[in-house]
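Heads up, the chain below is alone and in the form predicted alone; it's given as structure tokens.
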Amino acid sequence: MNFRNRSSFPDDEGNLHDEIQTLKREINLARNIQSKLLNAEVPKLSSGEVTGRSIPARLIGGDYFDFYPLANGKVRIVIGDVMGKGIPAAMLMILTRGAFRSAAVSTTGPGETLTAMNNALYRDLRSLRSFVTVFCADWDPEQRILTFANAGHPLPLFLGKSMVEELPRVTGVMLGGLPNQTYQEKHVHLNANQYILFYTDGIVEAQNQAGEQFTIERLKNTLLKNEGKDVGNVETAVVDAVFDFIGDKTQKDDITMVTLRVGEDRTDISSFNAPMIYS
């Protein structure tokens, strides 16, 4: 039996060190790519404010938000959460982004968009034993009408006149759950100075040292305390509230949200240079 000479061990250790450094560089590159995709150009409103933010639990995550400007002046919005964390979830997030971009071009509403996405992703997600929850909405800035459909995702929260509640319930199976799904739509009309918060469950399911969850009630209270502020301050208040709650406990899930405050006047999509859009 042949044994390697001990003098070869330092070279092996050196090779291992080089491989680890290469892996770190590739992970950081993947993180930068994902960050750019999550912070792509978005419509800037001539009236009102909008912002979006995603904080991965690891270097890269599986949460996703995006938009697509429509020819009729509306904007299609999507927020999603891939099952799992880290690099596998990030890869599926990119797959989901591609499916959304392709579907948004050829479909007439958020329900059709989710149907097309599920048709495109179903086999891959099933073979990987994964799924994606997605909420998709079309925002009409002239009529202030939000039309939406849901694939197993938490319903956005509506804030106005010192009250917070979920948008009207619309159900649908998560992407990858069942084949040949048709997703129903509902719509709401929004007024000036009202807010919509789109979010992923990493916020309400964040846990503290005692194992307690942040819960939707704490999220609602946080929004009420910050009513009337600009969307950046509302977003920061939510993030601060979550991390104050979990304290020294490690973040377990990705945290993603998109926040809109409707302006005083009818909104028009004037340029592309901010984070996201809603009512």
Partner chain sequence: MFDYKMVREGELSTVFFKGDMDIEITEVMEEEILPGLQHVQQVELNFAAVSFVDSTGIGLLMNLVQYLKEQEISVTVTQLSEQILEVFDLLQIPDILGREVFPIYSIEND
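In this text the structure is predicted, and so the values were computed from the model without any measurement. Numbering follows the first chain given and starts at 1.
Form predicted in complex with the partner chain: not shown, discussed below.
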Checking 191, 171, 208, 106 against the partner chain in the model of the complex, the residue with a non-hydrogen atom inside 4.5 angstroms turns out to be 171
From 140, 112, 185, 201: within 4.5 Å of the partner chain in the model of the complex by heavy atoms is 201
Quiz item: With a 4.5 Å heavy atom cut-off, would you call residue 236 a contact of the partner chain in the model of the complex?
Solution: no
Tell me, yes or no, whether residue 195 is in contact with the partner chain in the model of the complex, where a contact means a heavy atom of each within 4.5 Å. no
Should residue 225 be classed as touching the partner chain in the model of the complex when contacts are defined as heavy atoms within 4.5 Å? no
Open item on the list: Even though the partner isn't displayed, in the model of the complex is residue 213 close enough to the partner chain, meaning a heavy atom within 4.5 Å?
Closed with: yes
Of 156 to 164, 97 to 105, 113 to 121, 131 to 139, the segment with heavy atoms within 4.5 Å of the partner chain in the model of the complex is residues 131 to 139
